[in-house]
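Starting off, we have a lone chain in the form predicted on its own, written out as structure tokens.
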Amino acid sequence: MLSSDNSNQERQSLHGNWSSRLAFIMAVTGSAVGLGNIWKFPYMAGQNGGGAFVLVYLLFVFLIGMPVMMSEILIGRRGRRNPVATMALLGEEEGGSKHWKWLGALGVITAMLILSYYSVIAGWTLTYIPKAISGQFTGADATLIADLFDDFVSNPAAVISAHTFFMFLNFFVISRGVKGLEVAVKFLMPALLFLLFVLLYYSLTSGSFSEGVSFMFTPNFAALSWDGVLTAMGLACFTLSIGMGAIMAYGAYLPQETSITNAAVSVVVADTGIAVLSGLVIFPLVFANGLNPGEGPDLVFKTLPLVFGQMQAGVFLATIFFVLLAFAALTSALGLMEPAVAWMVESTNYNRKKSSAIIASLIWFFGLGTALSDNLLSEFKFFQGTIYENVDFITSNIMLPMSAVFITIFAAWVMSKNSSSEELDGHGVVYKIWQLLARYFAPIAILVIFLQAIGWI
């Protein structure tokens, strides 16, 4: 077994480093903050009793999401390579086996598959920006709003075009390396927060803000089932982008003097805060118009356009909302694409631009199945349903939990205490709490999520 203490001091990222702790926090928060926060969190809270779900979600974010995120960051910084190479390198140094590289590969493949369908849905948000600007929602009834969405997703050329454009945006940013990523998130994240606060101001004046606050924060445990608890547990992992290789890749570019614990806390607080703010934006508007807050994905593409269409400043607000969604989708997508591009740059003679083009093209091709799931291939169903439903189920319910569990096991059990404590600032109370959660609570809880997802619980 090699000594890891000295080798880590000399190891440097091949792609450069973040210029500051703030840049890293913005990048990881951007990767974590996506459609899951602005879209999935509000409607899942709506389906599971509001405040009780929020409390359970927050609990799991800190008890599961936080230790797994810290594990992934410390592994990434320790290895300073793409996830596959990092796991091979540290696997040999810490555990005497390079076979841990397959765990890194699992994260990279999972991220690519998730981005393949995420890009298609992000494309939907892009197409809704011109719809909002042109006032297509103004005065429209529920049938017309539903027809707008159904007509779009049933048109394969339109869906594929939007998917193609979104993947091009990813290629454009990723091909410029860490500095390009940093410039993008330094613009996108403040812009996202600004747009969110603009929407929050209008939500405050909707006349139903207190009802939205009550719904979000008044615990109704009678409405929270065991399935709802497991859903909150799974969402706590999904919204933080853990197990996808993204956090590990970004951790590889983290300066050694930056505290992983402080950075992780900042990311978790920012990510959770944006999810809660999104609920405070959406719920009052939905309640003010007498609509159901638990309508699933239709909440974004059917319910909210109907709400905006009835508001005095509806064109302005709808435009801001879908620009906000597009920004959130892009910051998440960059994190999903970076691990694969970093792997290709390090594993081949291809430069950053060529590697980005190849990976973007592969993800685009994989995404065609999702793009055609609501039109040409809508009748092609197996296992969980359409191609999209199968890819979503396998990645979210099987690959992500597996990756998260083994990342945590590796950091807490395989890595020596000297190595992990060196990355987490010593053997103090924080380290001991992380070790307790990462060794026992988080893996067991994620295993429960996995067993529930495959129907064993």
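Remember, predicted model here, so these are calculated numbers, not experimental data. Note that residue numbering follows the sequence shown and begins at 1.
One more form of this protein exists, namely the form predicted together with tryptophan (TRP); it is left out here, but the text below deals with it.
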Quiz item: Using heavy atoms and a 4.5 Å limit, would one call Thr86 a contact residue for tryptophan (TRP) in the model of the complex?
Solution: no
Quiz item: Could you tell me if Ala32 has a non-hydrogen atom within 4.5 Å of tryptophan (TRP) in the model of the complex?
Solution: yes
Quiz item: According to a 4.5 angstroms non-hydrogen atom cut-off, is Asn37 in contact with tryptophan (TRP) in the model of the complex?
Solution: yes
Quiz item: Do Leu336 and tryptophan (TRP) share at least one heavy atom pair within 4.5 Å in the model of the complex?
Solution: yes
Quiz item: Considering Ser119, Ser241, Asn82, Ser71, which brings a non-hydrogen atom within 4.5 Å of tryptophan (TRP) in the model of the complex?
Solution: Ser241
Practice problem: Would you kindly say which of Thr125, Ser278, Thr272, Ser332 lies with a heavy atom within 4.5 Å of tryptophan (TRP) in the model of the complex? | Solution: Ser332
Exercise. Could you tell me which stretch in 92-100, 316-324, 189-197, 242-250 has residues with non-hydrogen atoms within 4.5 Å of tryptophan (TRP) in the model of the complex?
Key: 242-250
